[in-house]
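Coming up, as structure tokens: structure 1 and structure 2, two forms of one and the same protein chain.
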Structure 1
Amino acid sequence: MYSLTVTFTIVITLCAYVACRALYLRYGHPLLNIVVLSAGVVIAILALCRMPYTTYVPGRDIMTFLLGPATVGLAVPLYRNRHLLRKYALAIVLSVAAGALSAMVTAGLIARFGGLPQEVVMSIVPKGVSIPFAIEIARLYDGIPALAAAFVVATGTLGSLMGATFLTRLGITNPVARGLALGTVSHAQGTATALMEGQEQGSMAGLAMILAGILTALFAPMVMLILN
């Protein structure tokens, strides 16, 4: 019974993803965000079947474990487009550094001047990087790891919903620039959106996501000193 339940939760998640991805590819509307829409479909199915979230957790853990190999798989499009890395190396590092630093400082200052508690401020600063980076940074500076993870998810969801459309409205069509922007600001979800646009965008977004995580960790002591 247990294995059937785990299989069922994985199957409905995969089916929801495939269906929502097909809708996005067909219509291309930003509100048809694959992550948000598929999550809503899974929640609706669990509610209809009267299945508690705890029943979904074992299947979720298996799929979460597979995120590791999937992330490593981002090296494939990056290798195929390594000529872009050689051509724009300095511009890539400087732009990602500027994006990561500005994201940290602006988020922290808004939270600070908004009167939020210190632990919340420390939790929101690393919102622009993937969850493992954000949790460790928040823990080191007396933030709340769970809250930091929530801010990361919210940032990624918002970036994947609006990021590509916003860049288009600004007239930014260069695939390298679009990929770097999406990967720097909205980490894994932004990278997934970039991959939907093309291999160049996806490879640059994956690189930006990794660089942003490393640079955010390096910038954290300076930013936390400013905010304290």
Structure 2
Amino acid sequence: MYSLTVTFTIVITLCAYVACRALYLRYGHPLLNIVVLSAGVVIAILALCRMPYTTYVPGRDIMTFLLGPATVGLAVPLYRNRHLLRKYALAIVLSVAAGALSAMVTAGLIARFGGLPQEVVMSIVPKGVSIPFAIEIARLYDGIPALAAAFVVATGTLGSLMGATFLTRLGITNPVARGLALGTVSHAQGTATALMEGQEQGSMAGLAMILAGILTALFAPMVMLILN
């Protein structure tokens, strides 16, 4: 019975992923977010079968086993774009650091003074970085990984819907600047948007996304200290 449950949870998750991915690739709209849609489908099925989240946990642990190695693999695109890293070193480091820090502090302070419970505050601080970094940072400070993932997706969706328009309104027209901003603020979803604008924007966004993850992890001890 146990292994049957585990198999069932894995199969429904895989099917939801394949279906939602096909839908996204076909229509490409930022609101058709693969994570949101698939998780919604899985939650609906679990609810219909009256299965609590605890029955899903063993399957989850099997499915996320490769997340760590996949994240380490982010070094590969970073290495492939090392010439860009060198060319724009100062701009990249300064602006991504400023962007990551201001995102963490703004989100953390508003959440804290808005009266959110402590574990929710700790989950919203890393909301601007790629999910694997965000969940690990949240976990280090007693946040909730699932909530951290939700805030990351919300930020990414907002960025991919409004980011380009907003940057244009601000008079940010330099392609390097636009790519860095989209990658720093809205991680993978922003990178996808930046790629639609152009190759240069896309590469810079990819770099910014990974660096923002690393810098956010480095800044986290300091920011969490301010918030406590």
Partner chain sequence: MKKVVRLAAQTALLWGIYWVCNRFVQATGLPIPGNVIGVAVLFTLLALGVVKLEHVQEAADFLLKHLVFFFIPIAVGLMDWGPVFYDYGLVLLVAIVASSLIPFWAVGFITQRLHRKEKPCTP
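Definition used throughout: the rigid core is the maximal C-alpha set that superposes within 1.5 Å between two forms. For numbering, take structure 1's sequence and count from 1. It should be emphasised that the depicted structure is a prediction, and the values quoted were computed from it without experimental measurement.
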Name the structure that matches the description of the form predicted in complex with the partner chain.
2
Align both forms on the core first, then report whether R112 has a C-alpha shift of 2 Å or more between structure 1 and structure 2.
no
L215: CA shift of at least 2 Å between structure 1 and structure 2 after core fit?
no
Superpose the two forms on their rigid core, then report whether the C-alpha of L84 is displaced by 2 angstroms or more between structure 1 and structure 2.
yes
Once you lay the two forms on top of each other by their rigid core, how far has the C-alpha of Y17 moved between structure 1 and structure 2, in Å?
12.6
